[in-house]
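Taking the form predicted alone, here's one chain by itself in structure tokens.
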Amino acid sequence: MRIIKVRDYQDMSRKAANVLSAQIILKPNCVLGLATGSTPIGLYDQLVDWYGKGDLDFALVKTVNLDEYVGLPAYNDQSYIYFMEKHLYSRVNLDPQNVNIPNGMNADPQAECRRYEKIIDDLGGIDLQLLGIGNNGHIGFNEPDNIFYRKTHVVDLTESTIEANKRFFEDVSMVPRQAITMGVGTIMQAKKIVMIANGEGKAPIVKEAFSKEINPLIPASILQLHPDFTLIADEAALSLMDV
């Protein structure tokens, strides 16, 4: 496990974008595992900037997203496909045929999980997986539990996650209660994993996940076992750790 300590959000975004851009340059047809939420927006903006300057080409890149809410159509502005279109897909030359995200509107969510897992397998796995970390230690939507779920699955969101996400909706009652997410096993099979974290609010869970024993009640803690895992975090997020 490598920890890169940076000054602030802008520095974190740029350094993480450096890692992703290097992956694209070294392997133009790479498979990128992508994440949503407020944390990676600066990273995506940086990638778009470099694309606009001609430094990056996404023509052959394939993407697989971590998760999607169950029951939100693609046109809903809180769906993750909408988020990715807004912040990345529509701003670079990604081939729509190479973009993959779970279909939260599939009438059979379990079948959707199997379909999505097969897509990842057929692509040959993920070259680089981008992650954030939830305040309860979740990665993707893998919530605290007694076990680590291996494959893509349907998850019931915890109250803490619903509470954290309610700011994106008009009312907490509108926050979906389920999501489809890559399993911890699927994430751990990625060849390289990069996590980004910023702000004092993430400091307690960053310390819990990466300075203590591995525990499925802190899903992110399993990343300590990955052979090529890098945490890029600002000074505030690392303020409780001895780095």
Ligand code: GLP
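Residue numbers here begin at 1 and follow the sequence given. All figures in this text were calculated on a predicted structure; none of them were measured in a lab.
Another form, the form predicted together with this ligand, is not on view; read the next lines as being about it.
Comment: this ligand is not present in this chain, but in the predicted bound form one of N165, N103, N76, N100 has a heavy atom within 4.5 Å of it, namely N165. The contact with this ligand in the predicted bound form, taken as any heavy atom within 4.5 Å, belongs to G37 out of G199, P176, P216, G37.
Figure note: of the listed segments 84-92, 115-123, 148-156, 129-137, the one touching this ligand in the predicted bound form, with heavy atoms no more than 4.5 Å away, is 129-137. For M182, no non-hydrogen atom is located within 4.5 Å of this ligand in the predicted bound form, even though that partner is not displayed. By the criterion of a heavy atom within 4.5 Å, L43 is excluded from the residues contacting this ligand in the predicted bound form.
Annotated contacts: I24, W50 and F58 are all free of this ligand in the predicted bound form [non-hydrogen atom within 4.5 angstroms]. Using a 4.5 Å cut-off on any heavy atom, the residues of 62-82 that reach this ligand in the predicted bound form are, in sequence order, L66, D67, Y80.
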